[in-house]
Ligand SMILES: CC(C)(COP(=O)(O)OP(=O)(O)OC[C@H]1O[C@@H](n2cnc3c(N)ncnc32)[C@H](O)[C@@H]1OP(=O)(O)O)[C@@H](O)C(=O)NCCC(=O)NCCS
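Have a look below at one chain only, the form predicted on its own, in structure tokens format.
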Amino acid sequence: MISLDPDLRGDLIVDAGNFELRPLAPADAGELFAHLADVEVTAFMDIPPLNEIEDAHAIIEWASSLRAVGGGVRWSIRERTTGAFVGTAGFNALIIERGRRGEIAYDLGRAWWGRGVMAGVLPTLVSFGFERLTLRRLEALVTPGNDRSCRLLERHGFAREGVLREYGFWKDRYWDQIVYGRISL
């Protein structure tokens, strides 16, 4: 049965194998700031590296507001045994009317690159989108040059659908975005 609106209420703590997804909260601000202050982490993102802790608080407020209106959810990724902050993941947008689709996004701290984190987290996001949110389509937008993200999506059943030329403007220039999509079966 298809739900009319996404249910993003409750604690929304999600088991992702060796990792746990928890909605971003004010308590995450310090770790989120350190994470997104890293130039390498934000290289392919639509934000510059953070300069002040207030920037992290603003991101958390954005995520809370998005969730409150049913427009998406952004989680912190935590290593299950230690509770270490690994990165963030979630749905930056949910389009329910006239489409039932969601945009997946994720980022990891440099220390976690190449360690298989997203091999556990991405299938959890896909399952959450198709089963809990009853979406028909999942999308991901990747900045050209982020080959690691492209390979991850392709390994998990996303098809490269094309390039949106000069789709976004950030960091004082226009950026192309590679569109990946996956349809529920």
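In case it trips you up, residue 1 is the first one in the sequence shown, and so on. All values derive from a computational prediction rather than experimental measurement.
There is also a form predicted in complex with the named molecule; it is not shown, and the following applies to it.
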{"property": "The unique member of Leu66, Val126, Ala34, Leu141 whose heavy atoms fall within 4.5 Å of the named molecule in the model of the complex", "result": "Leu141"}
{"property": "Contacting member of Ala27, Ile53, Ala119, Ala159, with respect to the named molecule in the model of the complex [4.5 Å, heavy atom]", "result": "Ala119"}
{"property": "Contact test, all of Leu12, Ala89 and Leu133, partner the named molecule in the model of the complex, heavy atom 4.5 Å", "result": "no"}
{"property": "4.5 angstroms heavy atom contact with the named molecule in the model of the complex for Met45", "result": "yes"}
{"property": "Residue contact check: Ile96 to the named molecule in the model of the complex, 4.5 Å heavy atom", "result": "no"}
{"property": "The named molecule contact at Ile59 in the model of the complex, heavy atom, 4.5 Å", "result": "no"}
{"property": "Any non-hydrogen atom of Tyr106 within 4.5 angstroms of the named molecule in the model of the complex", "result": "yes"}
{"property": "The named molecule in the model of the complex - contacting residues of 138-175, heavy atom within 4.5 Å", "result": "Leu141, Val142, Asn146, Arg148, Ser149, Arg151, Leu152, Arg155"}
